[in-house]
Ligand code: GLC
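As structure tokens, one chain now follows by itself in the form predicted on its own.
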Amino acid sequence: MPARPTVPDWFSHDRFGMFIHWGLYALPARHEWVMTREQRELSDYERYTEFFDPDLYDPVAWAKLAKRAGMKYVVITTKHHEGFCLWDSQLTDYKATNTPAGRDLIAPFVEAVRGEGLRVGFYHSLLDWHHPEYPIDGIHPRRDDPTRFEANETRDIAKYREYLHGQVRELLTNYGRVDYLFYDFSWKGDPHHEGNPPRLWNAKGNEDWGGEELMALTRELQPGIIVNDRLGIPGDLVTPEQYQPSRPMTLDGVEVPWEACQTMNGSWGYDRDNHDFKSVDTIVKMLIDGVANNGNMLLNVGPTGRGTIEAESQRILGEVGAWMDLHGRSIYGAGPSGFTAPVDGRYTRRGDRLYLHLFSWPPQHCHLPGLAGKVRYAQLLHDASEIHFAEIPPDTQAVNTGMGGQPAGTLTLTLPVRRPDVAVPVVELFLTPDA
């Protein structure tokens, strides 16, 4: 049986992080893949460097927003597929220092995140639609260019690979400790892309990036770093994107650490006209559901071209943070429970505390199979108000003013008629030592 990937204790304890997608694509404000979606000419796209001037960029405000939301780590795009670098790379002129921004944007971000006591993560694209040696493929902006095959004859992936490794060396050398590196992405052999011939054409994977060597370099420069699974070789965790796993995730039949990467509105980069934001309770439920299945959530924001995080994202994160203020101990350090939750409920467990998250509010009573005799005390978590519970013997006859018996081993909670005014109510159950 293959070895189970492991991650440092902090990762499975902290559970909740912020993803930040920011680059030149914030200016067109039409999704972070705008360069390839619209098949933009390189010279046309490069002109955004003349106007990239994030004069309101305040990484301290970003870090404080993440902390207020209850997030414990922050991952920022150092370079997305467009190839533009937010740091002062010595290997290219296509970088923030050569725009009106006029400075390295990663250094103050790292300082601000650390200053709030949060952990630092970098996202780095393996793709690069700007680099002259990067071979054109089925997701490249020039994929339909009639000269694409001729152009590829003069492009050398080995030279691009040297550039890729060199930039990773810069990032992992110049900014102190980096806790997490999110590579993105390989699609050669990906069954979800094999049915889509345009994407499959000249698909790239581990051998193109020099995945084993890049992984070794990453770990050499930053011992203890967490690396994801998108180099085309196994990493420390798996990263489901834009869907919620229905059970703990496995690799070759073995449970593995995982982190769901989720957007607030379907776009990673700033998308001005996309107002399809998820509700606060939906986001909270996604977080809870992930922890119940032994996973984390990395929730994205896409700052504007001026460097601000839009008001709706701030509002949502503020309300998520208000829920976390009252219910964080059902998330941090918690994981699967081993018990079967009632319909529309999710359990998480931390030590001798079992947390029942009620996605819908029952009419006064909630029946918990397998918990009879295993609970010492129960309370609503948000205000520590006591919840009464009892075991109703299976042979109890139902009458007009009293419910009948429940299956053996069932514990019945008596809840307030009125649902608590929180995104998701939580009952904290104090378990007996043998539970």
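All values reported here derive from a predicted model rather than from experimental measurement. Numbers for residues come from their place in the sequence shown, where the first is 1.
One more form of this protein, predicted in complex with the ligand, exists but is not displayed; see below.
Student: Just one of 163-171, 95-103, 317-325, 180-188 has residues with a heavy atom within 4.5 Å of the ligand in the predicted complex, so point it out.
Tutor: Only one stretch qualifies here: 180-188.
Student: Ok, Phe109, Tyr134, Tyr123, Tyr355: which has a heavy atom sitting within 4.5 Å of the ligand in the predicted complex?
Tutor: Looking at the other structure, the residue within range turns out to be Tyr123.
Student: Please tell me which of Trp87, Trp268, Trp209, Tyr347 lies within 4.5 Å of the ligand in the predicted complex, judged by heavy atoms.
Tutor: Exactly one listed residue reaches within 4.5 Å, namely Trp268.
Student: So in the predicted complex, are Arg15, Tyr243 and Val256 all sitting within 4.5 Å of the ligand, heavy atoms only?
Tutor: Not a single listed residue reaches the ligand in the predicted complex, so no.
Student: Can you work out whether Arg230 and the ligand are in contact in the predicted complex, taking contact to mean some heavy atom pair no more than 4.5 Å apart?
Tutor: Arg230: contacts the ligand in the predicted complex.
Student: Find out whether any non-hydrogen atom of Cys261 is located within 4.5 angstroms of the ligand in the predicted complex, and reply yes or no.
Tutor: Taking the distances in the predicted complex, the answer for Cys261 is yes, it comes within 4.5 Å of the ligand.
Student: Taking heavy atoms only, is His130 within 4.5 angstroms of the ligand in the predicted complex?
Tutor: Flag for His130 set to no.
Student: Look up in the predicted complex whether Phe11 has a non-hydrogen atom within 4.5 angstroms of the ligand, and give yes or no.
Tutor: Outside the cut-off, so no.
Student: Relative to the ligand in the predicted complex, which residues of 54-84 have a heavy atom no more than 4.5 Å away?
Tutor: Result: His80, His81.
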